[in-house]
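Given as structure tokens, the chain that follows is alone and in the form predicted alone.
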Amino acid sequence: MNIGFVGLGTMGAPMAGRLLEAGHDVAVHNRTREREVPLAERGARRAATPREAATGADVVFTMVNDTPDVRAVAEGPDGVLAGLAPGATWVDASTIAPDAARDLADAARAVGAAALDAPVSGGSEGAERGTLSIMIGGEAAAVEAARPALEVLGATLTHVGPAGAGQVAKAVNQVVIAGTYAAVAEGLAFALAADVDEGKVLEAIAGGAAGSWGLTHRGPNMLAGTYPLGFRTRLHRKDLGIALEAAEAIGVPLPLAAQVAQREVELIRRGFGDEDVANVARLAREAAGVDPASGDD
């Protein structure tokens, strides 16, 4: 399969790498062109523009940070939409506003192509291992056309519904992550401050009703007070903003997500926006007296 891939950041680069390893012919483009080099050394073709990456491709992926970034790589004379051939499928794996995803699907349809909004969950580990959960909005025929590529990237592929539905699912995902990480952070800060073996506490609760991906995969980092990058705090805050705005538009309150969003604003202000989002534990540890305050305070 001929595949174009635009956006080679923390998630995009390993995703494009997996498609190469699976034997697909992959053309890559990134705004910072140097990021194309490692993939070119593994056999990818470098494309000078998003349009060039899309030209001749059966499936084109975009994986960038936010709604304006997707529009920047999709629209205009050098954008993905200008390179899409009739019958091609554009898969946007970015996390953007559901309304924007619907607009972009209409734009793809206008040039005879199909678009899927297919945001992912699973962090950089999932991108590297091909175990992402992929939430898909769009037409069923387009999902099937892209399935050979999507199956290389994800262990769970769920066609949620029409255009925009994948982004709604991702917004829900980020709301749940916000509450989970905040609860894990507070619980483990309690364990650290108490006169117990906190590692044994983590082991004990992971096997019961409190068990979760966040507890298992991020709990040890929270106990250690180290936050190696899986998913950036500033990007999760952006995603929560999308969720809060979409929920407000239909009259749904998200008080817990709003509270966590404010904690993330504080972490970003103090210079921790590029750490993993598990660093919400910083604030819980400080409040519990486990750590002194850090950052610019």
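The structure presented is a predicted model; accordingly, all values stated were derived computationally and were not measured. In this text, residue numbers run from 1 along the sequence as written.
Missing here is the form predicted together with a further copy of the same chain; even so, the following discussion is about that form.
S.K.: Residue-level contact is defined here as any heavy atom of the residue lying within 4.5 Å of a further copy of the same chain in the model of the complex; does G130 satisfy this criterion?
M.R.: It does not: once a further copy of the same chain is placed as it appears in the model of the complex, G130 has no heavy atom within 4.5 Å of it.
S.K.: In the model of the complex, does V64 have a heavy atom within 4.5 Å of a further copy of the same chain?
M.R.: Because no heavy atom of V64 falls inside 4.5 Å of a further copy of the same chain in the model of the complex, the answer is no.
S.K.: Taking the shortest heavy atom distance, is Q262 within 4.5 Å of a further copy of the same chain in the model of the complex?
M.R.: Residue-level check for Q262: no, no contact with a further copy of the same chain.
S.K.: Give a yes or no for I268: in the model of the complex, does one of its heavy atoms lie within 4.5 Å of a heavy atom belonging to a further copy of the same chain?
M.R.: No - in the model of the complex, heavy atoms of I268 and a further copy of the same chain never come within 4.5 Å of each other.
S.K.: Using heavy atoms and a 4.5 Å cut-off, decide whether G126, R147 and A224 all contact a further copy of the same chain in the model of the complex.
M.R.: No, because G126, R147 and A224 lack any heavy atom that approaches a further copy of the same chain to within 4.5 Å in the model of the complex.
S.K.: Just one of 103-111, 68-76, 89-97, 168-176 has residues with a heavy atom within 4.5 Å of a further copy of the same chain in the model of the complex, so point it out.
M.R.: Correct option: 168-176.
S.K.: V143, L81, V120, V184: which sits within 4.5 Å of a further copy of the same chain in the model of the complex by any heavy atom?
M.R.: Of the listed residues, the single hit is V184.
S.K.: Just one of L229, V37, V252, A48 has a heavy atom within 4.5 Å of a further copy of the same chain in the model of the complex. Which one?
M.R.: When a further copy of the same chain is considered in the model of the complex, the option within 4.5 Å is V252.
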